[in-house]
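Take a look at this one chain, the form predicted on its own, written out in structure tokens.
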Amino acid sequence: MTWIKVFSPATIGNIGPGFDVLGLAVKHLGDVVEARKIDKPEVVITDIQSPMTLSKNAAENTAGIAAAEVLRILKIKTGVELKIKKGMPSGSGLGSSAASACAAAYATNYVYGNQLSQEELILPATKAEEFVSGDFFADNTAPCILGGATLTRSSLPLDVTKIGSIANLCIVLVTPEIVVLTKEARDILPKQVNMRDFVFNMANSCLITAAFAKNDYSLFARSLNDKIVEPARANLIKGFYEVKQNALLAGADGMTISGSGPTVFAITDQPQKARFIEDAMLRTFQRHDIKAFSLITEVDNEGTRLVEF
């Protein structure tokens, strides 16, 4: 049967203070899943191209889990074969496992008649993401499917809204060669928070929502501040505060952790500054004997989509 090919973009979870609530899709990084119908009632993963070892057991792979969930929802009695090409490492803080899940959910739905809407695909993808993260949250899967920035009001029942984009937002992503697993990064979070810090984070999260809804970079630049999650997770990223300081000195209007880390991202609305910011961040990690790769990117407004071979 005919193969189709689907791309899902990388994502920035949390967007600073918006823990488990805000998420953002970004260009030039992501996963590709090829899919086709098969007669057997199962999900089969026949090939994985990845820099790390990943299981081809569909019950242990987010792509396989998401595909199986879509088949269950559609009450399909046959199955699907998947081939996965990873465009980013797992544990990077860029929604790697979410991208595979979203691409597989979209592809499975497409080969069986595109019966589910994009919004309806968020749930099976998020259930798959839960397998590796240990918790149910859609701040990666929602923007990965829908594109742009999204807000998750509720996980159960799932209530997601696409809030928009910022046209002149330039994002500098830097990923140090440190593994930070989502579960580990969640386990170190404080069980109680100071009320003032809570209000501070809530206010900044609300302003970020307004910034993307209004396509207003200046609002976003004022609101990329986090007094709760960033301080807890910064200790997992060697040199974090020095990297942040130097990014700001180089002209960034803000810098924080992408998702659970270790990727960090800085923002500017002036593309000519981006290279200076990128260089400052990379050099700082190097001074801490940490290799890193970087990417200057922008908002991906399309989300998961069908692509040509």
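It should be emphasised that the depicted structure is a prediction, and the values quoted were computed from it without experimental measurement. Heads up: residue numbers just count along the shown sequence, starting at 1.
There is also a form predicted in complex with a further copy of the same chain; it is not shown, and the following applies to it.
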Open item on the list: Between 160, 111, 84, 166, only one gets a heavy atom within 4.5 angstroms of a further copy of the same chain in the predicted complex; which residue is that?
Closed with: 160
Task: Contact residue in the predicted complex, from 133, 90, 225, 118 (heavy atom within 4.5 Å of a further copy of the same chain) - done: 225
Task: a further copy of the same chain in the predicted complex reached by all of 30, 48 and 295, non-hydrogen atom within 4.5 Å - done: no
TODO: Within 4.5 Å of a further copy of the same chain in the predicted complex, counting heavy atoms only, one of 122-130, 76-84, 150-158, 98-106 shows up; tell me which.
DONE: 150-158
Task: is_contact(residue 190, a further copy of the same chain) in the predicted complex, heavy atom dist at most 4.5 Å - done: yes
Open item on the list: Contact with a further copy of the same chain in the predicted complex for residue 237, defined as at least one heavy atom pair within 4.5 Å: yes or no?
Closed with: no
TODO: Using the partner position in the predicted complex, report whether residue 205 sits within 4.5 Å of a further copy of the same chain, counting heavy atoms only.
DONE: yes
Open item on the list: I'd like to check something about residue 178: if you look in the predicted complex, is any of its heavy atoms closer than or equal to 4.5 Å to a heavy atom of a further copy of the same chain?
Closed with: no
